[in-house]
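One chain follows as structure tokens, the form predicted alone.
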């Protein structure tokens, strides 16, 4: 089994006024390709920071992150940006949809830095929206969508470039039971296609779902699960 994502003694410290705060404290974990996993913990436990570190959006204070066996920590910013664009889909907790743009325009936003969408990209976006149960809502402004529709729209956008890894921050937050169940079903389906999916969550409806392959618990920046899969130390 190929390891999609691994962290090695990953640490992130912040300066908070005169205090130094440790957000992620020497976390080592290993996630195989085609797994749906959850990082469970309360607000402030470090799970969102760990997700950002794993996706190359935050630089660590120390430690390493490897995607498919290659370190991303020492890449130049431009190379790291290209890697995120091509290999990683990220769904933020606040979803980051532009309220006054249509749902379809929001889904196509990742293509703006590289020249915008062509016919093939628009067709892929429409197919993703249909798969996520959003056909007929393409022209609706994001501000007029329900919470569940916005969540599914953000997931469709994250999949536009067909990434190998999908990282989601609180994907079932603020959803009712039906909406949460729909999101977990969609994530399980994407996992079954071979994608690696990591969710930061405090929601037991996701963390305890039997379709989740493994759930880690984080507290005060530390990984508390003694049975968590651990990576082998990188070669010197």
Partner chain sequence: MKRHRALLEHVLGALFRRRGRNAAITLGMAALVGLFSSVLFVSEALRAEYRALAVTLPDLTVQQLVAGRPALVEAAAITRIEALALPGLASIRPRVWGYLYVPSIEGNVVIVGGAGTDAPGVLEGGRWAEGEDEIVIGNGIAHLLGARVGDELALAGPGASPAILRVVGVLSGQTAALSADLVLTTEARARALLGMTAAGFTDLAVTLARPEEAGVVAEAIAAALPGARLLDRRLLERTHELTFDARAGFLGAVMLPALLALLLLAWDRLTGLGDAERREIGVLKAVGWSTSDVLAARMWESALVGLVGATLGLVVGYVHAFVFGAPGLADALFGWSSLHASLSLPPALDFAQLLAILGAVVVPFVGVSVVPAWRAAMLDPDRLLRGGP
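Positions refer to the first chain, counted from 1. Keep in mind it's a predicted model, so treat the numbers as computed, not measured. Definition used throughout: the rigid core is the maximal C-alpha set that superposes within 1.5 Å between two forms.
Beyond the structure shown, there is the form predicted in complex with its partner chain, which is absent from this document and is the topic of what follows.
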Note which of 188, 181, 207, 57 lies within 4.5 Å of its partner chain in the predicted complex, where distance is taken over heavy atoms; exactly one does.
57
Check each of 98, 127, 120, 139 and return the one that places a heavy atom within 4.5 angstroms of its partner chain in the predicted complex.
98
Among 143 to 151, 105 to 113, 67 to 75, 127 to 135, the stretch whose residues bring a heavy atom within 4.5 Å of its partner chain in the predicted complex is 105 to 113
So, in the predicted complex, is residue 87 in contact with its partner chain at a 4.5 angstroms heavy atom limit?
no
Just checking whether residue 48 would be counted as a contact of its partner chain in the predicted complex - the rule being heavy atoms within 4.5 angstroms.
yes
Contact of residue 164 with its partner chain in the predicted complex (heavy atom, 4.5 Å):
no
Non-hydrogen atom within 4.5 angstroms of its partner chain in the predicted complex for each of 81, 92 and 157
yes
When the two forms are laid on each other by their rigid core, does residue 101 show a Cα shift of 2 Å or more between the shown form and the other one?
yes
